[in-house]
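One chain is shown next in structure tokens, namely the form predicted on its own.
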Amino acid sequence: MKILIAGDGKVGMALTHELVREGHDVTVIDSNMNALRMDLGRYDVMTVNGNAAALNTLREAGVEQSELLIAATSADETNILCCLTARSLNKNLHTIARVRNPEYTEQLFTMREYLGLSLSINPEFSAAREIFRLLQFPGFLRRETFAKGRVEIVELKIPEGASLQNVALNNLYKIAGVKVLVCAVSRQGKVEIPNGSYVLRAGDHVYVTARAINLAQLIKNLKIETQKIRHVILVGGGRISYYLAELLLGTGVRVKIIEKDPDRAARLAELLPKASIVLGDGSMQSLLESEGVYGADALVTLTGMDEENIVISMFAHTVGVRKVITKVNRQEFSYIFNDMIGSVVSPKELCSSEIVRYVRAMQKQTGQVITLHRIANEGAEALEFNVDDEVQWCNTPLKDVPLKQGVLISCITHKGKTVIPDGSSVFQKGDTVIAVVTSGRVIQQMNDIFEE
């Protein structure tokens, strides 16, 4: 597929990496020649230097022959104008715009068709929504949703002395009490797709497929943290904090936001009258202590600097805050400090993943991927497929299906009913199937998970 990416910042670079890896013909547009040179050195892409919203620039980039334009510059207005201009040159073009300003939300909803937008993405709101979901079940480090919300893959860490320590997966049901499937385990940086004889150890990061309605019971049976979050401190008062505070306040959670910019703090006080806004530097230990970090149920670090977020989260972790969530943009930081900064959320990665899912849906391949999530620090992928006439091994018990090494089918949804499968389970035409695969191969369609 021929794709144009307008804007070569953090999101643009992440998209370039993902889409080139999947074999697409990518052209990157940016006014910064230095950024484009970096792309040319890393990827097999075309580049165009210029204003992405200008007719001449879009023509030079080949917009009339393209199938998709992703506008991800730093300015919302430029992104909207870019999509509008591109559609005037190519009526069949799909367009995606990154729009971050909450003031534009209503206009985008009512004017989406007029603007020619196929999809609008707000990375900050996506991040806020992800953090909100993590705070609902504080015992989980991460949650990924499939099958229209009916299935989740959740990450949890096995602490010393936990009920799952030294348990073989064959015996998991006796402890979990609900039918779940461990689809991946990360141990000392190595990711494995386990079999039934695999024994869990303290320190393992375990990825569990479960029906969404069973999550609360799973937490209770495993004696994971069950106490509800009632008081949250947000460090940094940017857009994510605003969106997240609105979500939390709507459920009765007490919210305190620490922001060091006086103008921004004053604005937040106007927008969020039910929240407590503190003017100060959230990286100062004394301020965090005076504002009640020891009594907080959760702390979320949302400043504009990864390093600052990590240091604050490490401090909160050491003083015993029950749930710590850290915003990072440089994913390598989360790998290094994984066990010291709690759950990690990356707006850039969330935005990139949502757009890649849209691109895959456009391709309409045999047994296409309709949802993709990277798990285990990108050591594995969880993929949701549609089963159609061309998918092999339909109506065959899973124990007889020749899956490739490092592949596990972890869920089947048939006529709206979700099943955590065993060896006797089958998938049929019209079903959706979730498979987990170790990283290192590109899976475009369901037939790619089978041995030839």
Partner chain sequence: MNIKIISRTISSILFLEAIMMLPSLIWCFIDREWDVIASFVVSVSLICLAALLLRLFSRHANDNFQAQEGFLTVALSWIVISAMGALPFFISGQIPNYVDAFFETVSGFTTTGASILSDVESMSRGLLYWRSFTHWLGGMGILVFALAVMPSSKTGSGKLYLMQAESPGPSVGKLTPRLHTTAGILYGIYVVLTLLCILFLVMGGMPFFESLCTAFGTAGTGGFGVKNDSITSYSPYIQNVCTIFMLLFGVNFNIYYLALLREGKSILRDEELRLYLFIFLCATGIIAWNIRSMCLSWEDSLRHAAFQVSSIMTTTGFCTTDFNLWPPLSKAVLLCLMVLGACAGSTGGGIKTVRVTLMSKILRRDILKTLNPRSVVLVHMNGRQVEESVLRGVSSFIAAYIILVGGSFLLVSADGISIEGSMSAVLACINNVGPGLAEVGPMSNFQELSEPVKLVLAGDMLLGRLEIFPLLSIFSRHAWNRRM
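Computed from a predicted structure; not experimentally measured. Residue numbers count along the first chain shown, from 1.
Another form, the form predicted together with its partner chain, is not on view; read the next lines as being about it.
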Its partner chain: the contacting residue among 407, 45, 68, 401 in the predicted complex [heavy atom, 4.5 Å]: 45
Among the candidate stretches 36-44, 418-426, 380-388, 393-401, which one is within 4.5 Å of its partner chain in the predicted complex when only heavy atoms are counted? 36-44
Does its partner chain come within 4.5 Å of any heavy atom of residue 26 in the predicted complex? yes
Do residue 20 and its partner chain come within 4.5 Å of each other in the predicted complex, heavy atoms counted? yes
